[in-house]
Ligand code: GAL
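One chain comes next, on its own, written as structure tokens: the form predicted alone.
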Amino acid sequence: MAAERFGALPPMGWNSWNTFTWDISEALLRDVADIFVSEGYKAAGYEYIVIDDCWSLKQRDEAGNLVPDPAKFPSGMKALSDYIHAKGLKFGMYSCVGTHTCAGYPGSFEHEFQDAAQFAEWGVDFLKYDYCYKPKQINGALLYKRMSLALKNCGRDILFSACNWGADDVFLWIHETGAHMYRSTLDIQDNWESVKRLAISQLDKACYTGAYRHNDMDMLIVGIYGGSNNGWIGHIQGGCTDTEYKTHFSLWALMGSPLMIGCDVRNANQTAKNILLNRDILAINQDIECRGVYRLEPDWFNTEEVFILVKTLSTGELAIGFFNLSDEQKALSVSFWDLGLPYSSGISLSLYDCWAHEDMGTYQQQAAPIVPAHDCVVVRAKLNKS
């Protein structure tokens, strides 16, 4: 990617945490890289393979360097990075602003420039930077500025993923730190209530996302089906239905979140793959202008669980998502007046269904699709002059 576009679009890739948490290895990462190529993820735009927490030993070496766990990564990080790069993919790692990571491994506090240089030597392309064990008297924004400076001066392009869970009014200051994306929510769980809670919490934050400052609503749970080895994330919560995973993916895509797969792609079923590889939905997420959505209230429904999201696209089209998070089927109507199209203009909209992959026809003044419970309809709307 050209230097001027590095970090401009929402990153797409895979992260180890949601399914594997601490149970990671170089063999797993190599397998995921292989699957990304053979199963079409790379061709669809997914490019980052990211290791999360628990990859190092519990102590730094005598020189103060981080040490990969030799039982998990016997060939070392540079060899793993080289393998991933040979597949045409990018390699990501994890650290933390604090003295320790969330799982109790060494953090990068007071080691920012040393660690950034080490990551560059290993060929790292992406750093997820967590917020645990931060000294309470130190400003969090300052710590993200430290690592941002270190990464921008390490001699390698490393995408900076700030992960402070929406704490400390992060929306107001994260862009100035130099981070390319930032977590705005607490950790996602593999259940419908978590999806709803996180999505609704960000509906009023559209003005805080855009190119080079992507609002990260946390990693995707599509295809986990309760299969995480962490009970809090997965099997205790029971997973989601395929319809709920479809809606989750649509929300994250339209709202401009980075799309980081969290399931075991080696065993993903065809339905999960169809969701994750939906080119029509991915194209909306990857629109070059990275506009935030605006929300419309459909007629007759005064509830936060039923809404319409509209995203202005660089092509002059609109992406419109009709979302029904409630437990009953709804007809969601949108007046074209509220999209900026007065009837007097004589302009109609041709709608294309991004999940059925077919034209829906041409409409004037209004459209009102029927949306089942927990489901969505996502369309691209093209303007037609009479």
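What you are looking at is a predicted structure, and each value in this text was computed from that prediction instead of being measured. We number the residues from 1 along the sequence you see.
One more form of this protein, predicted together with the ligand, exists but is not displayed; see below.
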property	result
Proximity to the ligand in the model of the complex, single hit among F119, F91, Y94, Y182 (heavy atom within 4.5 Å)	Y94
Listed residue that, although the ligand is not shown, lies within 4.5 Å of it in the model of the complex (heavy atoms), from D53, E39, E47, E317	D53
Listed range touching the ligand, judged in the model of the complex by heavy atoms within 4.5 Å, from 122-130, 238-246, 149-157, 76-84	122-130
is_contact(M260, the ligand) in the model of the complex, heavy atom dist at most 4.5 Å	no
4.5 Å heavy atom contact, C163 and the ligand in the model of the complex	yes
Heavy atom of L296 within 4.5 Å of the ligand in the model of the complex	no
In the model of the complex, I221 touching the ligand (heavy atom, 4.5 Å)	no
Stretch 80-119 - residues with a heavy atom within 4.5 Å of the ligand in the model of the complex	Y94, C102, A103
